[in-house]
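Just one chain follows, in the form predicted on its own, and it is written as structure tokens.
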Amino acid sequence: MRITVVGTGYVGLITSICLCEMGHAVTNIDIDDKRIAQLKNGRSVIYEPGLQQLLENNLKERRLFFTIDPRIAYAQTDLIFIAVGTPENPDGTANLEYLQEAVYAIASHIEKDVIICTKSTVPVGTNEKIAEMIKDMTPTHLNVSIVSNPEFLREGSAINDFFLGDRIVIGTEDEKAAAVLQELYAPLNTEIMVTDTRSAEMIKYASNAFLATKISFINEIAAICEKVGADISQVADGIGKDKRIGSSFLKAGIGYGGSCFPKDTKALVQLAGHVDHPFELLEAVIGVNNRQHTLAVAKAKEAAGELAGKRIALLGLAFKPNTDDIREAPSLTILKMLIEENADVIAYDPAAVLNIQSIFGNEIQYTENINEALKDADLAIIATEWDQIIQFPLVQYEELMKTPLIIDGRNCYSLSDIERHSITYISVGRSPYAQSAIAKV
């Protein structure tokens, strides 16, 4: 089959390159000519472990092609994956502008029967509207099938998730189209679910909403643990050993971020409202997460008092490790709060510095060297659990910082390790270590 993927963001680029790894020839189209030029030259436009090498390999093997020309991308293709962004509108609903533009371009240029698969996260009923648009714009002799094929790729492990995912969802009422997709994905040996279109659309939203709920739940438990003297690490471990619950997404911290959970939870709340169902549980999940983003600075002020003029090292900027994505990252809230407090901030991240710099400019300092960030710092705030931070020797905090005070928003270190060092350590859901030292800060 000739395959086209629309969009060169995380989902589009990962999908294109992984399909090439399966042996298919794929054309990836985007309206951004600069991104396309960069990709043609073999330079990835996103940070994702392993992606750069796969990009280079598949360009060399001439399985992967990039274009901005819709005639090249759509005229003679057999299968189209739409993977464009559906960002959040001010009211929390999904913005389908890019999706509609892609559908219009497809309908204007296809010349043969084709299957269109929507990987973009879209509200329930969207694929039916896509079908209506295609039907209205294309000749009657063309057979165009519409399939909902939501993605479940985690940034930082997206390539692994593509090849070793938990399930593949194919939502369509067209049995022939479903069979084609089943054949395409068969080599992956991943469970394939064929559902109706609307159920497939809902599976994506419901999955993200449930995972977000687990995160906010464990953060609420962490808050109680701090008040009653329990250790959230042990509590989460005990909860997670129940097979009905599972251990994933039970790590307390300063909240979730990224391109999916914040946007999709809000969109599902809006969707529920449109059918006259107040989604009170999910509204609470969102509220808890918003509060968590402010937690690190609140703890810093409680421990250190006035932050104005203090040298603060913010360790981690991306919303999670192994990505440069800062969308809805807790670091954004933390930085805004620290700037408002007139703190002297230096921000460290192995991959996301340029993205943060494009927002905050010269309001703060930046580094990709953790030692430089900690040099003469009055306190450090950990916002992302990069391996570079987890594996950083605790003795270095003592040697580099003016005052070894750590506000750990991701519980990177065990209390038993901390106890061997002269560090004031405040994490989430656990009793602070070296409380007597706090008054000296």
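All residue numbers refer to positions in the sequence shown, first residue = 1. Quick caveat: nothing in here was measured; it's all calculated off a predicted structure.
Another form exists, predicted together with a small molecule; not displayed. Remarks below refer to it.
Comment: 203-211 is the region of 203-211, 307-315, 187-195, 274-282 lying near the small molecule in the model of the complex, near meaning a non-hydrogen atom within 4.5 Å.
Residue in contact with the small molecule in the model of the complex (any heavy atom within 4.5 Å), chosen from 135, 112, 154, 71: 154. Only one of the listed residues (295, 353, 250, 177) places a non-hydrogen atom within 4.5 angstroms of the small molecule in the model of the complex, and that residue is 250.
For residue 257, a non-hydrogen atom is located within 4.5 Å of the small molecule in the model of the complex, even though that partner is not displayed. Taking the partner from elsewhere, residue 299 is found to have every heavy atom lying beyond 4.5 Å of the small molecule in the model of the complex. Shown alone here, residue 261 lies within 4.5 Å of the small molecule in the model of the complex, counting heavy atoms only. The closest non-hydrogen atom of residue 319 lies within 4.5 Å of the small molecule in the model of the complex.
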